[in-house]
Structure formats: C-alpha cells, structure tokens
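Take a look at this one chain, the form predicted alone, written out in structure tokens.
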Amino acid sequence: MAIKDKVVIITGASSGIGEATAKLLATKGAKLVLGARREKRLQKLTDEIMKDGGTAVFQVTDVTKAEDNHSLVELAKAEFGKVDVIFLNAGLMPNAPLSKLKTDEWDRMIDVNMKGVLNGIGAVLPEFIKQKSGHVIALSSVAGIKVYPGAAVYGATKWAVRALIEALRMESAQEGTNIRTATLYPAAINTELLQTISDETTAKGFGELYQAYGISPDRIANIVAFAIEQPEDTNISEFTVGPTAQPW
C-alpha cells in the first residue's frame, strides 16, 4: 500500500531512528504525528519537514505516561481524522552488568522500553479495532532475540516487546480486526542510545563496537517504510537488521 496520506504516529521522534523515519515517510507523503520529550528537537524536525513540503505536527510526549500516549492519538484524530500506523520507537539502553545493581536504571528501562510500548498499544488499539485496520510497528533489538552479558535488563525489556507484538498479531487475526504488526531487531545502529550508558566499562565496550560496525539510522527507516508499503493482506512480522560487517 502507498504511504501517501497515511497518518503515522512516531514516538521517540526527536533523534536517531525516529527522526530518520519521520523524514523518510514525509518524503513519501505520510501525515506525521511526532512525539518525544524534547520540544525544541521536535519543533526543529517539524519545521524541516514542513519546509520540504511534508506534513507533520508534534506534541511533547513521555511514553511512560498513559495519558500522553492517548493525547498523541487524539492529536492525530483532531488534525487528520484517523491513525493508520504507530511506530513505537522510544527506548533507553543504560546497560551494565547486573552486579552493578543499577536498580534505578532497571526501572527506567522497564518504564520506557516495556511500559511505553504497552501505553502506545493501549492508546491506539481502540481506534484500530473500531476501524478494523491499523499497523503497530515496534522497535526491539538484537538483544530481544539473543542474550548479551551486560545487557540483561535491556534485553529482557526487548524480549517483552517481541512477545507483546507477536501476541497482538495473533489476537488480531483471531478477532478479525486486521491489525498488522512488525517488530524490528536492529544491531549496531548509530543513535543516541549509547549516551544513556552510565557504566564506564560498558560504555567503552559498546562505544568501540558501534564505532567499528555501526550504520546510520536511515537504514532502519527504510525497513519501516517497506513494512508499511506491503499490501493490507500481507504482514511481515519481524525484521532483523544490522551492519553487513557485524559478525553476530
């Protein structure tokens, strides 16, 4: 299906994969509803999209708050009359060994990476059920299909995303609501995720890995566009994406 005129909500839209996806979908004619915590970054991105002839609105959004997610859906309906796609992209990766006992970071990852996805699903699902169509795209990670030392809690949240989105796909098929889903498992993608790592040893290791192998966020944006462009009767459930040179 053509992306043109589809109404797409993107969380975590102020940088990285969210920003790259917004820019790409705008060139394809999507009507964008952008959410993130950083208002200035959202305003700048929206201005750039509009200047280039695209269509976008934004709202400061904390995905850990259910009401913010509902407000983002209401903004889409108020501006464009509907929602076709939601890209649940917001995430944090403050990795560290469990033995460091960074329990405050565990809580933040669970709140953003897992509850944030649930909040987005909870906000958009009534609309998708009512219109018997919709597309939920969620960002997991290769840490959501493989276990890595130093990424236990991050990986656990990303395995949870995998389970949630696959169950949503299966339930929608059973219920006849025609909701498509896609879960993305990126490997080393150069975004701001590394800046959330507070443990020095872990940050150094991941920094070296990403410096050696990392590719740009627009590679993931291309996958999001590909998923949306498939015919309505076709669901591609999972995409594992990473640098050609990365050996795992």
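Start at 1 and count along the sequence shown; that's the residue number. As the structure is a computational prediction, the values presented were derived from the model and not from experiment.
Keep in mind the form predicted together with a small molecule is missing from the figure; the text below concerns it.
Contact residue in the model of the complex, chosen from Ile179, Ala56, Ala187, Ala182 - any heavy atom within 4.5 Å of the small molecule: Exactly one listed residue reaches within 4.5 Å, namely Ala187.
is_contact(Ser15, the small molecule) in the model of the complex, heavy atom dist at most 4.5 Å: Output for Ser15 is yes: heavy atoms within 4.5 Å of the small molecule.
4.5 Å heavy atom contact, Val73 and the small molecule in the model of the complex: Flag for Val73 set to no.
4.5 Å heavy atom contact, Val136 to the small molecule in the model of the complex: No - in the model of the complex, heavy atoms of Val136 and the small molecule never come within 4.5 Å of each other.
Contact of Gly91 with the small molecule in the model of the complex (heavy atom, 4.5 Å): Answer yes; at least one heavy atom of Gly91 falls within 4.5 Å of the small molecule in the model of the complex.
Segment that reaches the small molecule in the model of the complex - one of 123-131, 137-145, 98-106, 170-178, heavy atoms within 4.5 Å: The contacting stretch is 137-145.
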